[in-house]
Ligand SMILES: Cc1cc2nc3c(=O)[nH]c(=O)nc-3n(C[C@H](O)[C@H](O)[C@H](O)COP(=O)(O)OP(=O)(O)OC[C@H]3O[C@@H](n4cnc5c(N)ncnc54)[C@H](O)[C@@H]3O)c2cc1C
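Given as C-alpha cells, the chain that follows is alone and in the form predicted on its own.
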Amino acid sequence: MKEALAKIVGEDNVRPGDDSFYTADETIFAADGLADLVVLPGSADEVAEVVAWCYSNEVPITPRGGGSGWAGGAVPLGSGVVLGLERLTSVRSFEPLQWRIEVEAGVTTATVHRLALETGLYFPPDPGALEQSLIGGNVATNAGGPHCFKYGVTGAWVTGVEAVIAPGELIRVVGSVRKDVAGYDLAALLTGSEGTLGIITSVSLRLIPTPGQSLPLAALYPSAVSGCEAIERVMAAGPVAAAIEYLDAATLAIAGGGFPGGIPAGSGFLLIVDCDSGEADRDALRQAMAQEALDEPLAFDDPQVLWRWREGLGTLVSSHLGSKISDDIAVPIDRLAAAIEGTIEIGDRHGIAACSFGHAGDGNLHSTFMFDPSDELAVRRAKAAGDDLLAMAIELGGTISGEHGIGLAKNGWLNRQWSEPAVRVHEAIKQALDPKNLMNPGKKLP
C-alpha cells in the first residue's frame, strides 16, 4: 500500500497511520484513531488517484481538513488511510469586482477572510479556530458561527464545488454563476456530508461588500425567561442584528469575572447583540434590549474587547473542573428558554455541573456538562447527561446538531430525529454515491 500511494503523492507525503496529529480532532472522548497510513496529496488530481487506488483495493478513506471538528468526523476507525488536504492551498481565482473567489480545500478560513477584507469584501461565516480550520472542512461540515444569524452558515456562500467521488472521479458542480437550477443541487448535497459522499477539493464562494462597523451591545437579565423574551423583542425590532449570543447564569458564574463591563448582582442571563448597519439601527436594538434589563444596555466602541472575551468562553468552561462535554443542539427560538433550563435540570438529575451559552438568534445552544476527567463516575454521568440532552432537543422540536455535525459522536441519533422514510432516503443517497462504504465509513450513521 505505501509504495503504491507514494508513487502518487511522493514518499515524503506518506506518513505512519498512528501519527496522533492526523488521527484525532477536538472531540472529547473520541480516542485517537488508527489508520494504516496518512496520505497528503498535493492536488485535486492526486486526490482522485489516491481515491481510485483505495476504492479499487477496498481501502477505507478518512478525509481530514484542519482537525478542528467536534464530532469525531476526522478520526479514523482502525484501518485505511487518512487523506489530509492541507497541501491543497491554491487560490484558483479571485475576482473582487465579481464578488467571488475559488480556493482549494486546504486554504484556511482566516485566509479567505483576509483576502476578502483586503479588497473591501466580506466572507461572513465565522466558525471557531479560523487559523486552524480549512475551508474544505468548513464546507464538508457546513460550519456556522455567531454571525451566521444574519448571514447564514457556510453553505449559503458556496456557489460551486469540485470534489472526488467514488470510484475516483473528479467532478465540478455549479461554479461562477449566481443561479443554477439545471439539475439536482449536488453542491448542496456534498456540503455538510462530512466526507461520507465525496472529498471536496475546491470551493467557489460568493462574497459581499464589507458591512458597516461592528457595534455590539450587551444587557443582563434576571433569568433565562426574561432574557429569551428580550431576544424575541430584538428580532421584532426591525433592524436585523448581525449576531445574537447568550450566556446563562451558570456560565456567567464561571466567566463573568472577565466580562468587560461588570456583572451586577442578580444577573441570570447575558444577551449580546451585534449590529453592523449603523448607529440608528443600534439604537433601535438597544431600545428592544432595555425592557426588563437589570441596567441600561452597554455599548462597546471597541468590539474586539467583547468578542475576544466571548471567544474564550469554551476554554474557561472546560478548565472549570478539568473537562467537559459540550453539545450543539438547536431548538426553535420560542423553546430556547426551555432548553436552557432543561440543560440545568439534566445536569442536576445526573449529579453533574451544567451550563449553556451559544448562538441565541439561531436557537443554537452549547449545552455543557463539566467534570473532573479523573473521576470515572463523573465521566459516566456526563455521557448519560449528554444522551438526555439530545433526547430533549428532539422533544422540543429541535435538532441534535446545529453546527458541529454527526460525525462519530452522534451516530444513531438521526434515526430518532427523522422519520423512517427520511432515514431511508439518507441511506439510499449514501449507497448511491459510496456503494462500497469506503468514504469516511462509520460516520454520520442515522
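Here the structure is a predicted model, which is why all the values come from computation and not from measurement. In this text, residue numbers run from 1 along the sequence as written.
What follows is about the form predicted in complex with the ligand, which we do not show.
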*Would you say all of 241, 256 and 361 touch the ligand in the predicted bound form, counting a heavy atom within 4.5 Å as a touch?*
no
*Identify which of 342, 268, 127, 160 has a heavy atom within 4.5 Å of the ligand in the predicted bound form; exactly one of them does.*
127
*in the predicted bound form, which of 142-150, 344-352, 177-185, 284-292 comes within 4.5 Å of the ligand (heavy atoms)?*
142-150
*Report whether the minimum heavy atom distance between residue 326 and the ligand in the predicted bound form is within 4.5 Å.*
no
_When the contact criterion is heavy atoms within 4.5 Å, does residue 200 count as touching the ligand in the predicted bound form?_
yes
*asked:* So in the predicted bound form, is the ligand close enough to residue 272 to count as touching (4.5 Å, heavy atoms)?
replied: no
*Are any of the heavy atoms in residue 65 no more than 4.5 Å from a heavy atom of the ligand in the predicted bound form?*
yes
*Taking only heavy atoms into account, state which residues of 95-112 are within 4.5 Å of the ligand in the predicted bound form, ordered by sequence.*
105
